[in-house]
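Heads up, the chain below is alone and in the form predicted on its own; it's given as structure tokens.
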């Protein structure tokens, strides 16, 4: 980890910028001891169907976590969720090149070795798939330490021009699309406004948790956009193009587009927008029992806006303040817990909610906008558990 990153993280935690009013003390033991202790056991959720299990990771297949068994701050590379749309290309390291083209003064091309020769930065970033859903208990999720180079340094070296307002990121994964009865070969691609691309935390990553990226996580190079849904974090990145208009490929214009009703100048209208920044979300993932006491644990994800509180409600009781893992930083997931004293036998309903420093509260199901598209599932998620 660079000295600059460590200093930034210490300042964030000291000033409460990442956790707001729920910053924890630095020495507080928490998820570093998350693996079940001797005599500690999972309490069964009654909303989990009998026989529920996560399939082993397989090539070219979606993989998700069984969130009940999260056991560390960083998700292992094998357990971090995997989604791909055009397979998992295997790119020989010696052949790899990253091209920077378009509205730039100096088109550039980098080998992997040339990228690694630049100043390295590291950042903790957790994210979820834009289509993460309750029926897999929000298992399309992960948190990792990413290493690479700042995107804005590369764009400055290329001399991004003032007319360039959109940056497009093309992956090496290709697929055929049938558009208006025409078969078209397209690369997976996403884009963002130049102002978003120039954020200092956006990196071109070649490492994940201290080792080279695995193939299924985008080797040799991928984009990491902290605070944005996984779809923005383009894998197998091979081409960055700066242009003067919006990019309208499948994954910006037709897919990963949230359709919802919004107020437009006092008129309710249907709106379509690309899935980008992570919506404010928390979820309870497990309950454990040890020596007659119980602990409720869960995670928070959002776009990096500082948090004010995370709370848990048991049945129809009051909201209770939860504690957040002190390892949490601005763009990591925030793992939290609540010690549940005096749990009575029988079935109980548990739900969490998170509030940011702007007073925005995680929505309930009833408060969610009318939204027929399946993207951005961030409503409060009640869980049911049986206490014996």
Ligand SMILES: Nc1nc2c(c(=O)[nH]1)N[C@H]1C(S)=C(S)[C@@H](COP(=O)(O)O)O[C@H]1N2
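Numbering follows the first chain given and starts at 1. Remember, predicted model here, so these are calculated numbers, not experimental data.
The discussion below concerns the form predicted together with the named molecule, not included here.
Shown alone here, residue 129 lies within 4.5 Å of the named molecule in the model of the complex, counting heavy atoms only.
Put simply, residue 274 is far from the named molecule in the model of the complex: not one heavy atom of it is within 4.5 Å. Shown alone here, residue 85 lies within 4.5 Å of the named molecule in the model of the complex, counting heavy atoms only.
Contact check for residue 233: a heavy atom falls within 4.5 Å of the named molecule in the model of the complex. Three-residue candidate spot 299, 340 and 348; no residue lies within 4.5 angstroms of the named molecule in the model of the complex by any non-hydrogen atom.
Of the stretches 212-220, 307-315, 266-274, 279-287, only 212-220 has residues with a heavy atom within 4.5 Å of the named molecule in the model of the complex.
Taking a 4.5 Å heavy atom cutoff to the named molecule in the model of the complex, the contact residue among 81, 110, 247, 74 is 81.
Contact with the named molecule in the model of the complex, judged by any heavy atom within 4.5 Å, is made by just one of 173, 166, 124, 201: 173.
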